[in-house]
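We begin with a single chain expressed as structure tokens, specifically the form predicted alone.
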Amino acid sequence: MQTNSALARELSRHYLFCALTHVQQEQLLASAVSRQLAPGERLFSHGERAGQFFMVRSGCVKLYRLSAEGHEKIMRLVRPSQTFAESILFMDVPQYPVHGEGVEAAELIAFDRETFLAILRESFPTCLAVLAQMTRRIQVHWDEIETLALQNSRYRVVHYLLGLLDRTAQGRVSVTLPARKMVIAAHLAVTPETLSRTLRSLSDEGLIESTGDEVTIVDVEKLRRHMH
């Protein structure tokens, strides 16, 4: 696929691609393809043989598993500029560990696994740099798991809202929720009623303003302090 300046900037900021040289990025993009995903459309299934990993350009994708009883457990909601399924890179037999499905209409870039591995084989320094970045990312996921498993519902909601922001965000910031509140509640392992009640409580305290799927954090630093 053809690259553009906006996509090049995205790749340069992303943990998985920032260690790649411009030539290596172009090599990877030469084998990449653009994908359109409709709401509710299945991208891949748990256990399916995997040859690609993905970046979201727009929209939202949910990653989930099904219990033996058929209950859906959302593992992650993937937003624009985020990647998913990169864990297949280093599997002996690459298989998708979850189901992937569009929450809303999404534009994706599908990267070829073998092309990325070939780049890493050709440059040991690049390989080490990518592995270091992936290790840091794994630590972030452990922190997210701890939040979902050990913290109360209010903490989870605040942590999620802050996670929608850029790390450097300050002052008053507005965000659009990337999915329906019912989907977000399932991801946070709370009921939709609990999510609505928590958002209402945060609003009553003057920490946020919420209208539909638009949430304004009145003071980012104040909300961050609220977590401690």
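In this text, the rigid core denotes the largest set of C-alpha atoms whose superposition between the two forms falls within 1.5 Å. Small disclaimer: the values here were computed from a predicted structure and weren't measured. Start at 1 and count along the sequence shown; that's the residue number.
There is another form of this protein, the form predicted in complex with the DNA, and it is not shown here; the text below is about that form.
In the predicted complex, Ser196 approaches the DNA with a heavy atom inside 4.5 Å. The DNA in the predicted complex comes within 4.5 Å of no heavy atom belonging to Gln95.
The closest non-hydrogen atom of His71 lies within 4.5 Å of the DNA in the predicted complex. Residue contact with the DNA in the predicted complex: Thr115 places no heavy atom within 4.5 Å of it. Not one of Leu43, Arg65 and Arg79 is positioned with any heavy atom within 4.5 Å of the DNA in the predicted complex. A heavy atom within 4.5 Å of the DNA in the predicted complex is found for exactly one of Arg35, His159, Arg57, Arg200: Arg200.
Exactly one listed residue, out of Leu164, Ala189, Ala169, Ala30, brings a non-hydrogen atom to within 4.5 Å of the DNA in the predicted complex: Ala189. In short, of 174-182, 49-57, 35-43, 22-30 it is 174-182 that has heavy atoms within 4.5 Å of the DNA in the predicted complex. Contacts of stretch 26-53 with the DNA in the predicted complex, defined by any heavy atom lying within 4.5 Å, are made by none of its residues. Once the rigid core is overlaid between the shown form and the other one, Val157 counts among the residues whose Cα shifts by 2 Å or more. Annotation for the pair Leu177/Glu107: C-alpha atoms recede from each other in the predicted complex, by 3 Å or more compared with this form. Contraction of the Glu72-Thr191 CA spacing by 3 Å or more is recorded in the predicted complex, set against this form.
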